[in-house]
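As structure tokens, the next two blocks hold two forms of the same chain, structure 1 and structure 2.
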Structure 1
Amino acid sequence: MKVLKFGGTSVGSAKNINKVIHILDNHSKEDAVICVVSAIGGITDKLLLAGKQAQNKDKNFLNTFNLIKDIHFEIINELIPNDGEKPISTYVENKLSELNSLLDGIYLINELSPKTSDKLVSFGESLSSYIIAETMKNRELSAYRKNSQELIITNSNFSKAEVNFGLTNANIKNYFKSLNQQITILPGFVANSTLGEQTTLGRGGSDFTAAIVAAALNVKQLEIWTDVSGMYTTNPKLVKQAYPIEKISYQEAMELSHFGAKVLYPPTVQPVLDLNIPIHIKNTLEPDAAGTIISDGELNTTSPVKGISNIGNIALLTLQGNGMVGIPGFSKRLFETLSQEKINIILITQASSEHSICLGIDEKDAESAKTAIDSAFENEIALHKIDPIIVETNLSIIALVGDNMKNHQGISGKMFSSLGKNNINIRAIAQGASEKNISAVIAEKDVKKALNTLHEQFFEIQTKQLNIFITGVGNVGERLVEQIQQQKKYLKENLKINLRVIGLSNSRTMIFDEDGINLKTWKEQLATGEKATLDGFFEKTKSLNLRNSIFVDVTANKDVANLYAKYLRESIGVVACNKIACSSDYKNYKLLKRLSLKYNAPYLFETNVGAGLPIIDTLNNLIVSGDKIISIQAVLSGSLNFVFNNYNDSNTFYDVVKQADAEGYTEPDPRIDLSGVDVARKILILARESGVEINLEDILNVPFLSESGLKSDTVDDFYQTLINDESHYQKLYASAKAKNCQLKYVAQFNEGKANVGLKEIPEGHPFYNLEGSDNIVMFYTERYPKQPMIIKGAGAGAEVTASGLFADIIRIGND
């Protein structure tokens, strides 16, 4: 004999009930089967809602009742279109009118006792089991319904009654001794008290019904059929990457279900554990999937952590005070007080100083717990021996579970460091002495992030997910998105980095997709996106609360740069080609660096100097490996290099600058390049990264522009001065030419001081042959005193800048 239990979704529609019947039919060909069914999905909640509404004198209880009725009749009509001689609908109609009367009664007397509530919810299982059994009979299957209330006997602890196993086991054995039918349908969840009152076994209790019957009859196997393919590594609704666990021990399954894995009602394991009956969790919607076997099987040594679970709606109570230290009996009184109030304690931690005790309980009990404890310790509180109890709410418990964790070191270290890295604050920690479970109390809002982080850490160590939010999808941003799309597959396969773009924004609109924006159609999506604001983009990025989030700034906007601190404080990394933040006031630069360290959020800006060239990375590597920078000589402006490489006596300065602008080599305002400010910012950043406290005003900038060019108010005025002052620029050219020199705009850093300016470079110098928009940097260091370390290559352009940003993102991924 076998016991199969089908949950709410499995019997939640005519289509699914047909699947259930098919499964039962197949099984019953081999052996007699007992089938325990839940109420139709969602009905128990609706019954409770109707009861509450009626109790509160809310006439809407009738709407809820009608909804319950419609759901049942829709299913009946689909299952049995021609209701025969003994119509199912008549029976159901009668049952429902009983339910209607009960609700009317609750409405009239304005009261819903736990006893009445149990009577109310029992309609769910009663109806579902009847409909399924009758449908099977209608299809000429050997099926019979037995009311399990006649078999399962409990005490009168309504809503979660305790089973009297002596009476129950005898009843079950007795009933199934002489069995005529191949298939017996039992309503789950419901029972009777020894006094004959209707009781229930607790929410989710149909699993327990099935286990009780399986154990009483000592069957070969208990199958729990549900809407997922087994017990997963963690809640599959919250973690996409979760997968079914093939085999798991009773203890592990019990821990996981106690700590929130709803797929199995926690008391289910106990009756079958003693008899070593395996539980097989299967998916009604995918019957061929392997599912999970829960048994006394061998330990899986490859993975010490078997699963991660979470329970929500937790309140943390903290009892503390100097008067507690070393005085016995405090904990005893505390636990007794809660026990008298029938409050279940889910987690306990006590600091070894005995100065405080923390208890995790269900949030709904928080108020009554506080009142009871404050009153029990009234004297001690009055004498200031202890403080009034502190209650914190909106918390959750997350737990790592595994029988074999005790044989592995460093699991809790890994757990807490990966949570810490993602800025998830831990309020309390508990580790059972058996080391099968490590639990942490965290804020409810962080649960999804925590589960994903831990799942990645313990079950998908091989891949790291990076969640990217890009602001500014102009020329460079667009190239970046293209490059990400091209390389996505390669990165996943070769570097085990799973790169997803979650948010995109330009100055007008923004879009988000938590599962990753489709990079083939992002432009169309963005065109119809919501209105973009910088704060809106930040708020959304923050509220998604995804691990390894990276904000990518591809603008040259000051307001965007001003938001970096906010992002970093939320542990969101920042990658920027925008130079404004790094070249702003030294205090701000330092603050961002500090925040990056404190919140474990990388702040990378390689493209601030030399676009995609690895200049800052090289400089950082030199410094961390113990080298010291003596001086830096560099040509750092792709635009100025382009201008002076193309300017000669057969064209005009104006034309060349215009051309540089047209080819995208200059900033939107060319004065930023031509005045040397852009180069000054770059050498400033290199000087700062070399460890020097320096500001933009400290950099000596000898301008080469004409007086009127320097004074121009607008971009148009500036261009006009280039035309007017052509002779000024021709003089610069002629002077260099006469000495057989090339004009280069050079940045220098030496002994803590920096300067920028136009220089005449003689033949033979490494700068002399610098072509097009190339950049060059020469680092003279203690290790490279004579022959400098030279980095040279294209230092401007959308494609290389995008690839520099991309490299920073990958740097974070490889970390």
Structure 2
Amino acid sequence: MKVLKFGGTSVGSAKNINKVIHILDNHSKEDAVICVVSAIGGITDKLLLAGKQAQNKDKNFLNTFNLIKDIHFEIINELIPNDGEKPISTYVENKLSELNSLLDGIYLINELSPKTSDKLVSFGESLSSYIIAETMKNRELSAYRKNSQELIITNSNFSKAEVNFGLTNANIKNYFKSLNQQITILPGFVANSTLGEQTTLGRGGSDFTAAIVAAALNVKQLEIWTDVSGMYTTNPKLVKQAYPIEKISYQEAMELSHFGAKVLYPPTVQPVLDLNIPIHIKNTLEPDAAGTIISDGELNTTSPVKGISNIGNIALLTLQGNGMVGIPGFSKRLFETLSQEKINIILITQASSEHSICLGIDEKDAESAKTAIDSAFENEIALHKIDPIIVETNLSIIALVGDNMKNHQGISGKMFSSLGKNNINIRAIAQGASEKNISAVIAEKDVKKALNTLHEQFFEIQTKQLNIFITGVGNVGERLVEQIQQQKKYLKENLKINLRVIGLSNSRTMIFDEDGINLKTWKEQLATGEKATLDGFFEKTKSLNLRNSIFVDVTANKDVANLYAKYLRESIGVVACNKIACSSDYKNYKLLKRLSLKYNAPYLFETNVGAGLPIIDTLNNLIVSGDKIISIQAVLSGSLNFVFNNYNDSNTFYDVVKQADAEGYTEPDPRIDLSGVDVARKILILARESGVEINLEDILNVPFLSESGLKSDTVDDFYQTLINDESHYQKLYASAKAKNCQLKYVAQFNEGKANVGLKEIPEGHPFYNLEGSDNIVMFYTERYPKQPMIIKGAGAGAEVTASGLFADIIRIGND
């Protein structure tokens, strides 16, 4: 004999009821089947609503009643469309007439007692079980409906009646010892008292009915059919990577269910737990799915954590004060006060100093709890021995669950460090000595991020998800997106990094997709995106609240750089090729560094100097390994090196600068490059990364531009000065050529001072043969005092700059 229970969603439509009937038919071919059914999905809530409306003299109870009626008849008409007489309809019509009379009575006396409420909600299971049984008979299946109220006997504690197991077990055994039908349909949730009054079994009552029957008959297994394929590693609606747990212990299942897993209500399965009867959670909509087996048999213990769950709408109560220390009785009085108010405590934690006690309760009870506690401790509060109760709301509890966690070190450490890295603040922690459950109270807004973070840490194959938000998709930004698209598969397979571009913005429009933007069509999507604003992009990035979020700045915009601090304070990493922030006032530079450390948000800017060359990374490695920078000599402008490598007496300075602009080596405003400001910013950044406090105005900048070029008001005016002052630039070239030298724009840092300017570099010098747009940096250090460490290579261009940004992103992924 088998016992199967089907929940409200499983019988929530004619389509699903047909699936249930098919499942029962298949099972009955092997053995006799007992099927416990809930009310049709949503009906119990509607019955309670109608009762409340009637009690409050709200005539809308008639509309709710008619909706209940329509739902049932719509299902009947779909299940048996060609039954002319429809005996099912006649029975249902009569039952609904009884329901209508009951609601009328509630309306007249405007009273809804627990006893009447039990009678009211019992209509749901009564109707669903009858419809299903009669439909099966209509299809010539051997089915019969037995009213559970004739079998399950309780006391008169209405709405949550206690079962008289002596009478109940005897009734069940007597009835099922001789059966003529293969399938018995039982309404769940409902019972009768020893006085013959209608009662209900409370929350999870249908599960309880099934467990009572299964235990009384000592069946081999109880099957609970729902709308999900078992108990999941975590909530699949919030974590797409969640998957069903194949096997789990009773204790683990109860812990997960207590902390939000809705497929099972722990107290209801106690009868089968006592007899060690396995419970199989199955999916009505996917009957062939494996589901989850709950038992105390030999379980798979490869993973110490079996699941992650959460409860929302939590309020945290804190009772604290110096007068609590060493004084017995505070906890007793606190718990008694809440007990008298019938307020359930979900989580408890107390500091060893005895200075405070924290309690997690349902948020709906917070106001009444505060009133009751403040009243109970009125005297102590008046004497300033304790503070008035502190109430925090908009919280949630997340919990790691697993029987085997106690045998593995570092579970708590992994949990809290991974949450901390994603700026998820923990308000309270509770862990029992058995270590089956580690719970933490966090902000409700962080639940999705927390569950995804923990699931990635404990259940995924060490794949780290990075969520990227890019501002600036011009020349460099477009190349970066292309590189990400090209390498996405490689990163996932080889580096275990799941890289997703969530947000993209240019100066006009921006787009977001929480599941990752399709990088094959991003241009088309961006063309029709919403209006872009810098603050709007930040607010959307913040509100998505995704783990391992990284903001990538591919602009030269001061306003974008001014937002870095806001991103870092939200634990959103920043990767930038924009040099403005790092070369701004020293206080701002240090602030960004401090924020990066404080909020565990990486701040990387390798491309600020040398595009894709590992200049800053190399410098940082020297410093952290204990080396000290003595001096730096460098050619740091790819655009200026391109210009002077291509300028000679057979072309014009104007033409070469225009060529550099066309090939993407200069900023849109070439004065930034040719004035030396860009190079000054770069040597400034290297000096600061070497540990020196220095500002841009401290750097000596010796310009090579003509006086009119330096004073030009617009880009067009500047280009005109290049034409007008060609003789000025030819003199610079001629002077160098006469000495067999190459013109290079050189940055130098030595003994805390820095300068930039055009130099005539003699043959044999490392800078002499620097070709194209290449950069070169020479670090003289205590370890490299005579022969410097040299880094040389392409220092400008969209492709290499994009690759430098990409490398910083990957560096974050590998941390």
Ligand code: ASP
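The structure displayed is predicted, hence computed values, not measured ones. So that the term is clear: the rigid core is the largest set of C-alpha atoms that superpose within 1.5 Å between two forms. Residue positions are counted from 1 along structure 1's sequence.
- Of the two forms shown, the one predicted in complex with aspartic acid is structure 1, not structure 2.
- Once you line up the core between structures 1 and 2, the Cα of Gly402 stays within less than 2 Å of where it was.
- Core-superposed comparison between structures 1 and 2: CA of Ala754 displaced by less than 2 Å.
- Relative to the superposed core, Ile426 shifts its CA atom by less than 2 Å between structures 1 and 2.
- If you overlay the core, the Cα of Lys57 moves by 5.4 Å between structures 1 and 2.
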